[in-house]
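Given as structure tokens, the chain that follows is alone and in the form predicted alone.
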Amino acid sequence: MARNSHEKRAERQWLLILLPSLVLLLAFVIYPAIYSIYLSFTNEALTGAAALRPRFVGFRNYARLFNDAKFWNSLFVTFVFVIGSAVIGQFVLGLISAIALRRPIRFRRVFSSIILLPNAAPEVVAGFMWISMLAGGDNATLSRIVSFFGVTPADWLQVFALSMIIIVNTWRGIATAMILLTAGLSTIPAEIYEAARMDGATPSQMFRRITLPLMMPTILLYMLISAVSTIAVFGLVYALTRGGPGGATEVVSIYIYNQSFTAFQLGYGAAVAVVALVISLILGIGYVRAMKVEV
């Protein structure tokens, strides 16, 4: 009886410790998600009659959404943005950085500080930093650099808009990839590599047959976190291009903002947000299934 009483008291203490986090989770995650689902079934707006007397419209917003070419364009742009910056750019450069930092290289601390530095700047601040690099045509910093090597300058945020936001988001996310992948590398016992070297394995063979297979759980976790967080990127893209030119960089988060606060259609914007939430949940379920974890 005394043991059961002690266990119950410990459970209550843990609940009290977790209560502030649960309240914040309910207030800022669960409630907004439920309210967005409710809004998606209404014609709620910021102006007009719908702002005064919103009505329940059923699946009308979703029917409109799936017939909206701009919505499909935003999904395609988001897909390219996620693949280019999160899956390819951040992962490849983060893995190279993680492997390099495990070696006895010179100026290791300087190298790691340079990689971690972009995370110190908020999205919008980073966006304005890169505007000074990319905007301004011939007077842009990047234009002056490439013209020194004989390359014709360009209006980078107009001609190569999507490529530029992929590069900037890659720059900001390398540190996260490096930290997660370094943690994954540290879990691999050094004895495995020593045994492989004694058997005559080359570095490329050890990477393909030891490092990658043993790091697969960490890689899958990184892919999930990176993909979901990249889908939600807003401030960086808004500061750089605001979704332009002509929708070339209108990722789904920018599209939601434009429909909700530029076109003033909160109900329709909420429907797009719910679809984005469903996509994120599908990615999460895919990760769980890939890891063969029962939840």
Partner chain sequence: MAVVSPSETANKSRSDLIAYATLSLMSIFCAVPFFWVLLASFDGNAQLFLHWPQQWTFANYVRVFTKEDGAKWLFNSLFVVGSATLLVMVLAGLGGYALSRTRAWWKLPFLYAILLIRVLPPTALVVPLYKFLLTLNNAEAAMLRPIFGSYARGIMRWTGFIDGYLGLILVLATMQLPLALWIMKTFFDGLPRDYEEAALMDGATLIQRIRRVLIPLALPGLAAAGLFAFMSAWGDFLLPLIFLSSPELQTLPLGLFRAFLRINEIDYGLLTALAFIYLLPAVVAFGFARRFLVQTFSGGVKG
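Rigid core here is just the name for the largest C-alpha set that superposes within 1.5 Å across the two forms. Positions refer to the first chain, counted from 1. Since this is a predicted model, take the numbers as computed values, not measurements.
Just so it is clear, the following notes concern the form predicted together with the partner chain, a form of the same protein that is not shown.
**Student:** Which of I192, L212, V125, I88 has a heavy atom within 4.5 Å of the partner chain in the model of the complex?
**Tutor:** By the 4.5 Å heavy-atom cutoff, the listed residue in contact is V125.
**Student:** Can you work out which of V159, M216, V151, A121 has a heavy atom no more than 4.5 Å from the partner chain in the model of the complex?
**Tutor:** Exactly one listed residue reaches within 4.5 Å, namely A121.
**Student:** Is G136 part of the interface with the partner chain in the model of the complex - any heavy atom within 4.5 Å?
**Tutor:** Flag for G136 set to yes.
**Student:** Would you classify R144 as touching the partner chain in the model of the complex, given a 4.5 Å non-hydrogen atom cut-off?
**Tutor:** Output for R144 is yes: heavy atoms within 4.5 Å of the partner chain.
**Student:** Is there any non-hydrogen atom of A232 lying within 4.5 Å of the partner chain in the model of the complex?
**Tutor:** Judged by the heavy-atom cut-off of 4.5 Å, A232 is in contact with the partner chain in the model of the complex.
**Student:** Considering only heavy atoms, tell me if I96 and the partner chain come within 4.5 Å of each other in the model of the complex.
**Tutor:** Judged by the heavy-atom cut-off of 4.5 Å, I96 is in contact with the partner chain in the model of the complex.
**Student:** Rigid core superposed, CA of F261 - does it shift 2 Å or more between the shown form and the other one?
**Tutor:** The answer is no; the displacement is under 2 Å.
**Student:** Superposing on the rigid core, do we see a C-alpha displacement of 2 Å or more at L283 between the shown form and the other one?
**Tutor:** Result for L283: yes, a 2 Å-plus shift.
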